[in-house]
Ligand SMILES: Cc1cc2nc3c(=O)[nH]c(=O)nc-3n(C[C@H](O)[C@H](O)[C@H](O)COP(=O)(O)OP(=O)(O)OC[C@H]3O[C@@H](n4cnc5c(N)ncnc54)[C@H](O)[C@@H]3O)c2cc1C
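First, one chain by itself: the form predicted on its own, in structure tokens.
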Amino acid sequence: MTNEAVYNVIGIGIGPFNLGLAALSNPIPELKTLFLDQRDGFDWHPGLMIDHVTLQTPFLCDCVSMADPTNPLSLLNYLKETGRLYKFFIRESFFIPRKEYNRYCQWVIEQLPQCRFSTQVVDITYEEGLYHVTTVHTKTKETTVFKTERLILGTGTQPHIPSFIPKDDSRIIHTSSYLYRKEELLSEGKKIAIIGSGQSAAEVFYDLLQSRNEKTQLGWYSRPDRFFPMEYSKLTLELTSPDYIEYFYNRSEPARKTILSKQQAQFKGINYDLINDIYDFIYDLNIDNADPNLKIIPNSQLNTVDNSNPDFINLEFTQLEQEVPYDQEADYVILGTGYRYHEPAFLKNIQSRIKRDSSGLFDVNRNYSIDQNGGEIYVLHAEVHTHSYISTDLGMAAYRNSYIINDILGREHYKIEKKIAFQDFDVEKYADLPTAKI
């Protein structure tokens, strides 16, 4: 079946980023939009929805507030509508529980009939000046073709498992599936190895540390030389700014790669308070010098995962500074190995319309478009290499969505901040002066 309506925008994938775009485009009469997702509903990282865990960004990083604080789809209005605003006020914290953020997003979706779930995009073609989006309803199997002038790709990232690790062994688990397996993991007397140096690995380790029985043996292994905290000082946070996006985007491709390699601590570390909570909990376990029955080993590169023995998994590491190999055994291995972007297969028939860089990645324009004409196909969360790690940050999602909406409209509907940082990232303006003065 072909839907004869012509949309201005079709968004594919309804995660927090595209949901924000749907919310911000909703009050604009001249934008006819549709947002599609193959899942049955919105549920943000359900396998990591651990009790008491909060967002790493302040509550203002909701779907709309940083673009339009008066929008009725703000988190504050959600709290008012659900009778929780005074409780939130008394709580006195900028950081909301992850579970509450998930429920807030579900509430936003309830206000947006243009968001459709159980709808899988299987193909896209370009015909007579329009993109034809072929979909299959995951339950009824009905096929529908939608027509649109523009596409917004918000399909997000997928759990990453390094190629040398077996993928068909139920004893090897990615952190994204942790809560589905937690009860099994806590079976008496199990050895559990957690691999990774980031936030997800730390959250899972801490949750197991608090939940385990006395015979459960925990091991936490990390490649870096320490379990480093996420850099969250205020001047560093200015790297999540429009100023920095402009600066980063205008660097050369090799320069961008170098910059990204130096910014691990800002975006890939562990929440400072969580590191301290872990230490304090272990300290309490160790009162009277009791053995806490765990191992925490940094500087350890995982080389091989041997799952040939049905009774245990053998992990072969190298301590990088000592250059000493060593083995560890585990009943379960939990991988905090992050997420990667995978280009959707449904783009195969419009490849000629997409720009690429020398590495074969999307050549993303400043306005977040990737098409040859610079204003038809936009990406969310697939532009780290051109717009910096800010692309993954909820705090800058409303800025990016405002930028895209303004670009589509050809006018400034949402005010775009250009200079908010006290720092100067770009000094070319000073280089042009006869004498640089401080």
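As the structure is a prediction and not an experimental result, all values here were calculated from the model. So that there is no doubt, residue numbering starts at 1 and follows the sequence shown.
Beyond the structure shown, there is the form predicted in complex with this ligand, which is absent from this document and is the topic of what follows.
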- Note on the structure: Of Leu34, Leu394, Leu31, Met66, the only residue with a heavy atom within 4.5 Å of this ligand in the predicted bound form is Leu394
- Partner-contacting position among Thr57, Asn26, Thr386, Ser402 - heavy atom within 4.5 Å of this ligand in the predicted bound form: Thr57
- With heavy atoms only and a cut-off of 4.5 Å, decide whether Phe346 touches this ligand in the predicted bound form. yes
- Task: Answer for Thr155 alone: is it within 4.5 Å of this ligand in the predicted bound form, judged on heavy atom distances?
- Result: yes
- Task: Please check if His413 has a heavy atom lying within 4.5 Å of any heavy atom of this ligand in the predicted bound form.
- Result: no
- Task: May I ask you to check whether Asn365 falls inside a 4.5 Å heavy atom distance of this ligand in the predicted bound form?
- Result: no
- Query: Can you pick the stretch from 66 to 74, 36 to 44, 403 to 411, 369 to 377 whose heavy atoms fall within 4.5 Å of this ligand in the predicted bound form?
  - Reply: 36 to 44
- Query: With the partner left out here, if you bring back this ligand in the predicted bound form, are Leu48, Thr119 and Tyr339 all within 4.5 Å of it by some heavy atom?
  - Reply: yes
- Message: Residue by residue through 68 to 98, which ones have a non-hydrogen atom no more than 4.5 angstroms from this ligand in the predicted bound form?
- Response: Arg98
